[in-house]
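Heads up, the chain below is alone and in the form predicted on its own; it's given as structure tokens.
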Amino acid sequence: MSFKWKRLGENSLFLIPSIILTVALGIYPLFWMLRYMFYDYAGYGDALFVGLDNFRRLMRDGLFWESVGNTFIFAGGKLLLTLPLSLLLAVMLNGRLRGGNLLRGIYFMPTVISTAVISVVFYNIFNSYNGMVNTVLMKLHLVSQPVDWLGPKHAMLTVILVAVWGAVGNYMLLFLAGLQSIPQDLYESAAIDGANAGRRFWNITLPMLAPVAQMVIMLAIIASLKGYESIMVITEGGPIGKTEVMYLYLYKLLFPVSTGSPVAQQLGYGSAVGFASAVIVGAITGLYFFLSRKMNKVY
């Protein structure tokens, strides 16, 4: 018995670094935010208790609600492109495809590359003056003049495409894991009964993949609603707020992006915005779980 408790104590020592980091970088900042969302605090000087004034200001803050709308547009566009494309690639790579392992690595590679690096590369690719996209389009005579991909009209589409490129490989791998867990006997029996590839996909693959799809869609929803890193590098929320998403607005309140940023550092109000943003993401995720509760059942 003493040996068992000794081993348990020794094994618990390995958890101490993780516990310390979780408390220092996760739990403490959370309670810090919950406290200061009731204060007027700019990060220096004394914090002035203002009660619910920050939330009253939040309800009247047009920039915040505009960022919420932009977040839904960004998340919706990213999900509509990423999920079907990820599933399609997973289905293709699940078969006996020559060079399948190499293709998996290529498609997954954007997931492990730094978001900042990816964003800088795509900023240069979509540059209006000497970007690769405009150069190719003009040489093919598809456009007569350079397209302002980072302008008010196309900026949201551009950042959505960048986000899709960076996310497809991750969800493809999760879908692929789900596909490989489906027993092949089901496909063989269906083929003997005369079911074609479309029928097998619709009646076997999709129902059997539903539990995995529920998890993948949940992860994709959360990541899309919270995503802002590539937008911060490519457009900084511009032009004129067209790509200002919810968590980028929060980031600017806590850490102004540049000296020319129109948003000043406001830790107290930023904490209130962070709490409201978390509530919005949590509510949408909870609604999704309620609507998709039958997906975790395999029939």
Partner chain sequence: MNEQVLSQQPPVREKRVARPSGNAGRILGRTVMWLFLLATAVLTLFPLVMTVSGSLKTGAEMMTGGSLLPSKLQFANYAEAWKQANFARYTWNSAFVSIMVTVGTLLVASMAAYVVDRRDFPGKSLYVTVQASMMFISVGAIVLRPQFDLMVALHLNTTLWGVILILVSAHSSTFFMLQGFFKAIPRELDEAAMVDGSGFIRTFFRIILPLLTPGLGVAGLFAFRHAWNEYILPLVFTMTNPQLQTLTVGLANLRYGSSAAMQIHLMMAGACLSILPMLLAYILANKTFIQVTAGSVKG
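Just so we're on the same page, rigid core means the largest C-alpha set that superposes within 1.5 Å between forms. From a predicted model like this one, the values you see are computed outputs, not experimental measurements. Numbering follows the first chain given and starts at 1.
We do not show the form predicted in complex with the partner chain, though everything after this point is about it.
Taken together, the three residues Ile27, Leu89 and Arg104 all lie with some non-hydrogen atom within 4.5 angstroms of the partner chain in the predicted bound form. Mapping the unseen interface onto this chain, Asn70 falls outside it, with no heavy atom inside 4.5 Å of the partner chain in the predicted bound form.
In the predicted bound form, at least one heavy atom of Tyr228 sits within 4.5 Å of a heavy atom of the partner chain. Residue contact check for Leu287: none of its heavy atoms lie within 4.5 Å of the partner chain in the predicted bound form. In the predicted bound form, the partner chain stays beyond 4.5 Å of every heavy atom belonging to His141. With the partner omitted here, the stretch from 74-82, 201-209, 141-149, 164-172 that lies within 4.5 Å of the partner chain by heavy atoms in the predicted bound form is 164-172. Scanning Ile118, Ile221, Ala190, Met156 against the partner chain in the predicted bound form with a 4.5 Å heavy atom cut-off leaves one residue, Ile118. Met33 is the sole member of Met33, Ala47, Val50, Leu63 with a non-hydrogen atom lying within 4.5 angstroms of the partner chain in the predicted bound form. Contact residues in stretch 99-136 (any heavy atom within 4.5 Å of the partner chain, taken in the predicted bound form) are Gly99, Asn101, Leu102, Leu103, Arg104, Gly105, Ile106, Tyr107, Phe108, Met109, Pro110, Thr111, Val112, Ile113, Ser114, Ala116, Val117, Ile118, Val120, Val121, Phe122, Tyr123, Asn124, Ile125, Tyr129, Asn130, Met132, Val133, Thr135, Val136. Once the rigid core is used as the reference frame, the Cα position of Leu21 differs between the shown form and the other one by 2 Å or more.
Core-aligned CA deviation for Leu142 between the shown form and the other one: 2 Å or greater.
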